[in-house]
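One chain follows as structure tokens, the form predicted alone.
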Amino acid sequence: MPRAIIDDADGTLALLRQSATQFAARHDGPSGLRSKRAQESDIDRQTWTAMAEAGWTGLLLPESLGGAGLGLGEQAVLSEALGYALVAEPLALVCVPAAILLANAPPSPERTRLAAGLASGDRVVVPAWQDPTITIGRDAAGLVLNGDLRFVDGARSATDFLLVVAGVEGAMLLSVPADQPGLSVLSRPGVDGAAISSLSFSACRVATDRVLDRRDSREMLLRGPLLQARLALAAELAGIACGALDRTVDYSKTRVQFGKPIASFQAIQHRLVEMWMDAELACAALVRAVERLSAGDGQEAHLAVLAAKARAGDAAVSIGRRAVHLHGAMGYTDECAIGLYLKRALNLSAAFGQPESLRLEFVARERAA
């Protein structure tokens, strides 16, 4: 069945994929997703700790900051394998952008503390930048924040937040403890059951030594983190697409109608082939994006990442819907994992840009070039 085939001269990627497969066998993805939904949580700390021990929460952090110092190929293989098994911890949404934000920031004690905590799993360092309505003032103690940031994954489990905010002096990367007075977390269940949160600031004071980085604009701070997070999400979505396809193929061989497995019917075979084509194209787009972004973050890489995220999102959602249909009535039940694949695909497809908005951005960038 389709998988992303990335150049692996020394066999590192194969070993990482095998390690992720063994990890998924010990940490059942669908059960974990149901558990988080029942507990109204966003991170399973036991699974998160095991991921940190494997070196995955700091996979993209340089070794000088306590991370594994690995690259985009490793992250793509890991995210794809976790998506395939529906291990739904927010590595792509939390650890990838946090690692790049910290790696790009100038040296400071606060940066070192957060990077070490992210890599070890002792701290859950959650980036927040989407849909900002933040105003920044000053007083004798430092900065004063008022306003909101929305669509923050992992906020309920966070120990620290990395805020990307804009003020009159340009854009800043701020470190804010999760228990800081004046900061509150408002949560609601996402489509897959895991919590999605908003941060609300009311006269929240932040010391100046928690300013980790300054740039002229938010885009300058976010370009690298957003590109790599979208690539990791594309990989996870491609894995979800392949996992849903494989489950459906296996089920079609055992579901019997009119005395025969439904896999023997030509109409079903045509649908499965169409699903296979969607998954294969998503994997191919992912491989191209990994190759282009590994070579540099120029225009061609940016377009390749946009295309990969859009195609993988559409493929995962489309395959998930058809997979539920082919599972029949049981596909709609909570006990059947195939519905969870679809819900997770819907959630991740919307994260950091819906496919349609990414296509519009692709066209705009291509025309402007």
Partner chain sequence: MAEDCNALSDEAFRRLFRDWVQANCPPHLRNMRKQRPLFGEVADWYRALAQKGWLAPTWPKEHGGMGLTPAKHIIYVEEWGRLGCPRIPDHGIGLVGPLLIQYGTPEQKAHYLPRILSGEDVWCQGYSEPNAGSDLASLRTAAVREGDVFIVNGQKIWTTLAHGANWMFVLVRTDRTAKVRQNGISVLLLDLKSPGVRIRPIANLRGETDFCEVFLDDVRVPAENLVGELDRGWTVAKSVLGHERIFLGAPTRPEYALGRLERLAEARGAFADRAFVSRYARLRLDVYDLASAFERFANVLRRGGELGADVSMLKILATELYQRITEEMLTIAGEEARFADDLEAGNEQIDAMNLFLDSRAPAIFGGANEIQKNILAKAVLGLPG
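This one's a predicted model, so the numbers in the text were calculated from it and none came from an experiment. Numbering follows the first chain given and starts at 1.
The same protein also exists as the form predicted in complex with its partner chain; that form is not shown, yet it is the one meant from here on.
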property	result
Stretch from 110 to 118, 147 to 155, 277 to 285, 134 to 142 whose residues place a heavy atom within 4.5 Å of its partner chain in the model of the complex	147 to 155
Contact label in the model of the complex: L346 to its partner chain, heavy atom within 4.5 Å	yes
Non-hydrogen atom contact V191 with its partner chain in the model of the complex at 4.5 angstroms	yes
Partner contact for A24 in the model of the complex: its partner chain, 4.5 angstroms, heavy atom	no
Distance check, L173 to its partner chain in the model of the complex, heavy atom within 4.5 Å	no
Proximity to its partner chain in the model of the complex, single hit among L101, I196, L86, C242 (heavy atom within 4.5 Å)	I196
The single option of T208, S217, S202, Q130 touching its partner chain in the model of the complex, heavy atom within 4.5 Å	Q130
Residues R271, D334 and E356 all lining its partner chain in the model of the complex, heavy atom within 4.5 Å	yes
